[in-house]
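Coming up are structure 1 and structure 2: the same protein chain in two forms, each one given alone as structure tokens.
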Structure 1
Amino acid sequence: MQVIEKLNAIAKKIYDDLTRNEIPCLSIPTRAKSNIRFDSKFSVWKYGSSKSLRSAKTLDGAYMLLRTMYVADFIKKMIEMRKSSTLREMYYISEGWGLAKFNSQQESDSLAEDLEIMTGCLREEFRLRPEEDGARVIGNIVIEEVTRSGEKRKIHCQDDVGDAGYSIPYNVEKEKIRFREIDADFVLAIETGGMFDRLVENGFDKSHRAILVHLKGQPARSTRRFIKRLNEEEKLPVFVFTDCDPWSYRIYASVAYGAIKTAHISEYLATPAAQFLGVTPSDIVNYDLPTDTLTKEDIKALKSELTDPRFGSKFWKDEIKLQLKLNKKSEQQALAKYGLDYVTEVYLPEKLMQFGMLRK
């Protein structure tokens, strides 16, 4: 299996160093903001050419290499036994590794990411699961999922689910789920659970032929991958509907362009074609929305986004500058000022018309 072969190659590198009486070391792209670049060709974050050397020359480096070997062995055993583990479980399992035990879960999570970078494999292929659940989906789409027993089951994400929708699993690759039937015009990824529930209750998925995806705030990797597959494989336009604040803009950016933390797999997760359909500073003015005053942290984040290449378009610069001038932010659910049906009968249709998705 490819994953095991690549993990074996890392172990062999350490073994060969020892047999040559050399200090064991491993090379990995420098995981620092200074080594992150925005690839304008692919519109995603990527690591640059700078490399860091993990060496047993120092005590900390020796501990890190020791932990790397333990984690690689742990992953191999899980694959061979057809089991999986959460990242949290791996952290606690290290309690039995003696000198190789982790001091914090942040250390173990970071090492799992290091192994992704070194092997070119994904955490999902390591059979490591995140703690958070995947997003919820409602729409006219039939998904074929491999069950725990290994059988294939078809799920219609309107007829075969409750109000909560279909829950995206941590592994969304073709060996786990396939899209069998789709009768929809676009994907609408929604930041908040309250707004997702509002759209479901109002039947927006049926009335506007939409696949609704609840992002649950900053979206999980499986959610971003699921959205990317719908866009690339099924050619469905993707729109991201968020609150009007700098943190929500970053949620959109993580869907569209990737995040710095996952720069090594941005091309796998990001959907550069995704378009922002969220509440904008202009909407605060045009729709006379209820607002809150920006905090110092909000202002700092907005100013930072003015220099972020993901927000380099005229649209973003104009909107961010307007927001700083207004000194206000607003939420999706502020649209309820005009009634519970306003967002589905007026606001979203008007927005979608601007993108050519609906006709007057």
Structure 2
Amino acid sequence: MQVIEKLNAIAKKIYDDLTRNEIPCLSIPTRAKSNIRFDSKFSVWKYGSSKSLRSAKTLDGAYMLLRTMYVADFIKKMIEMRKSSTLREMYYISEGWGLAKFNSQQESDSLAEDLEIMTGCLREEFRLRPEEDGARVIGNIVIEEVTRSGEKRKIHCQDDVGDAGYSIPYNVEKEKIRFREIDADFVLAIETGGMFDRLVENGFDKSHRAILVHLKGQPARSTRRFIKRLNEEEKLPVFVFTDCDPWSYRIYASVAYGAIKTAHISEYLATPAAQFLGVTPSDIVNYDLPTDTLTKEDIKALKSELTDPRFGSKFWKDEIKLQLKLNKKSEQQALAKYGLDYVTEVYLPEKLMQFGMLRK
């Protein structure tokens, strides 16, 4: 009910503007790197005070307002009818909205995010799902999931699943999944499928009491929320294991600090305690890893990260500068240079020891 009221409030703001003979407008935080600030209460990065005004004074602004209203009305009706849709479905449904129709799905996705920001609600509360599925999980944990038929099913993420692991659903809130039994020491979030499968095959989850989570590149919201819940509710330390390039650092940043695109819900998605395990530029030197030369885009991205407040710590500044100096990048799987077991028997144990996770 509360969500519907918040959606109506948007309509009311515009309606009131019109009855007061004012040009209708809405204001939302500016969604750009320049406008994210560290929130010390939650230890995450959120939007700052800079606002953008969407006003019916311009044609583009008027279209935005009209579309905002249509999306709000659409969500309202979904809630009333207890339905849900994917973002893509909403984009196709907008075909029938006449002037309010979207020209690309990017526009409609972005507007859904705007609505989250304006109402303070979550996309899940809007009953909008992303296309991307959540990632895979393997480890000594029992998850109780409410299936679509309404029954509660317990799933042991080693014994009840195949090698592909447990698949994270788009809703990972308490009404959907609960963590029942856990016998593990930490969460290891892995960027690439190849490395995830390597650790599974080598039995790393069992040998080192780890819960392995596959991030699948830039992680979906549900994956990030899932990791956050494991960290905050179950007090499990989280380590992020990625390639050694600027794009992978952004994957880590979105897990630990929040993404710029979703900075309005950073406190809900980000795991500030998550730590970057590697592969670091120092590792390239220390482990003498095979490398590639940085591309122009890589260098540009690294330089941009130097001005990104999320990478403001000494650790990141030193590592990024080192990488620019080396002019090299590397991959997780480059560790195979020393054999297939090297990563599970030497590299990860050594790195985890540095973080105090393992004793000699």
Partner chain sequence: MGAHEGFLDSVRVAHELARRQKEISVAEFFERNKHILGFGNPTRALVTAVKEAVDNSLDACEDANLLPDIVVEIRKGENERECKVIVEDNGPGILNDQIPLVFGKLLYGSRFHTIKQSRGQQGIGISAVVLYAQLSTGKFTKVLSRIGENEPAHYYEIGIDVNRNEPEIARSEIVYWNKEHGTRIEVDIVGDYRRGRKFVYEYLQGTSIVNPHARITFIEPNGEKHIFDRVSNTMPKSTLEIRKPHPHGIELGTLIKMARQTKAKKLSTFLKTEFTSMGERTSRAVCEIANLDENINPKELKREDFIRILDAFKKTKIMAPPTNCLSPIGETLIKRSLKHETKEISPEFIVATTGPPSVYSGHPFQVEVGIVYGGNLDKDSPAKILRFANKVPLLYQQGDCVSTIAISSIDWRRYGLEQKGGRGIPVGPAIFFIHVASTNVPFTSESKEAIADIPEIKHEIELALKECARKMQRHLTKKERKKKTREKFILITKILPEIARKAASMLNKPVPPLDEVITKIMDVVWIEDSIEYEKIEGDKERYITKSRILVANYRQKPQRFNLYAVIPEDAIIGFVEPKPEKITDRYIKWNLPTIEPISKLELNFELAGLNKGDFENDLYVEGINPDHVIGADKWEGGD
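Each form is matched to the other, and the largest set of C-alpha atoms that superpose within 1.5 Å is called the rigid core. Residue positions are counted from 1 along structure 1's sequence. These numbers come from a predicted model, not from an experiment.
- The form predicted alone is structure 1, not structure 2.
- Relative to the superposed core, T295 shifts its CA atom by less than 2 Å between structures 1 and 2.
- After superposition on the rigid core, the Cα of Q332 moves by less than 2 Å between structures 1 and 2.
- Comparing the forms between structures 1 and 2, the C-alpha position of G203 differs by less than 2 angstroms, with the core used for superposition.
- Taking the core as the reference frame, the CA atom of L7 shifts 2.5 angstrom between structures 1 and 2.
- When the rigid core is fitted, K41 shows a C-alpha shift of 4.7 Å between structures 1 and 2.
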